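Let's start with one chain on its own, the form predicted alone, as structure tokens.
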């Protein structure tokens, strides 16, 4: 599988979770769209683009379990969520409930909006590792008050790599009339996703991570009943432009000034790549690699895992590092061993996060384990 990707074979790449990696066949499709654009920019932007954006939305909708007309294509989930935040009309006394595990850039976006509009952001502390789904759900729902208007929660967390039971959270929120916004940046192509079954109000996911689409391809799902109330942050031509629709919702968002949309048009190619390579079976192999390296990290550092059962993780694991860890560990792994793996601080503790995708093999994990032993156990 490694030969199907453009990654440098001299690098042990264990950081798919950050920016993904694009297979050669998908990247070629991406470049083909760019060439078509440059050969005839006007015809492409006024005619070819719109019919093929519809194909991308429809193919993506089938893959993630929703109607293609309910999807907006964005360059990243951060941009998508910022568009939602500015449309919620939250005011003084309202509360947005999230966990302490949420993605830092979006916590910052919520915090900035809360300062301007005087609502409160509540980061409910969740004590982990979790004993069960109910343990997590009960801890999280304890943060709901009569003022809770929005729940914002990750399905797979970026920092801690944990899979949260968002379906149960959405069910409860609907009963209470609370808006649900799910950050699924790490979900598509990583675990199964069926948006109709999930029944959330808003859902954003990245196609350029585990789906292996080109960088700058993500989506926002908006429930039909909410589409008329969602206005873009950037006002452009809308129904007065070249976009034929079919809805005001799509016309308002799809064109926001001239930009290269080739990454969006390459989404079907990425999905074809996953299906052609039996991604549901191969992710099991990747998860087994992650479970094994997690055990190795526990043995090397003598620190406890963040999870008690394998249901909480997929193809990515974050593991806590001991307090006496060398501060230049990331740089040493890169400079001395050519290993690309993130090491970061979260909630005043340091972590290493290891990802595994199709192109990773057991020897990649062995390289990491041996390198860590030579640095830390020396």
Ligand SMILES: Cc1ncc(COP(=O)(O)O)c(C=O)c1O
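Residue numbers count along the first chain shown, from 1. It should be emphasised that the depicted structure is a prediction, and the values quoted were computed from it without experimental measurement.
The protein also exists as the form predicted in complex with the ligand; that form is not presented, and the subsequent description refers to it.
Residue contact with the ligand in the predicted bound form: residue 162 places no heavy atom within 4.5 Å of it. Using a 4.5 Å cutoff between non-hydrogen atoms, residue 211 does not count as a contact of the ligand in the predicted bound form. In the predicted bound form, residue 262 stays away from the ligand, with no heavy atom inside 4.5 Å. With a 4.5 Å cutoff on heavy atoms, residue 188 does not count as touching the ligand in the predicted bound form; it lies far away. Checking 220, 289, 178, 106 against the ligand in the predicted bound form, a heavy atom within 4.5 Å turns up for just one residue: 106. The single contact residue among 294, 269, 148, 78, judged by any heavy atom lying within 4.5 Å of the ligand in the predicted bound form, is 78. Annotated contact segment (heavy atom within 4.5 Å of the ligand in the predicted bound form): 70-78, selected among 246-254, 70-78, 83-91, 137-145. For the stretch 125-155, the set of residues having any non-hydrogen atom within 4.5 angstroms of the ligand in the predicted bound form comprises only 154.
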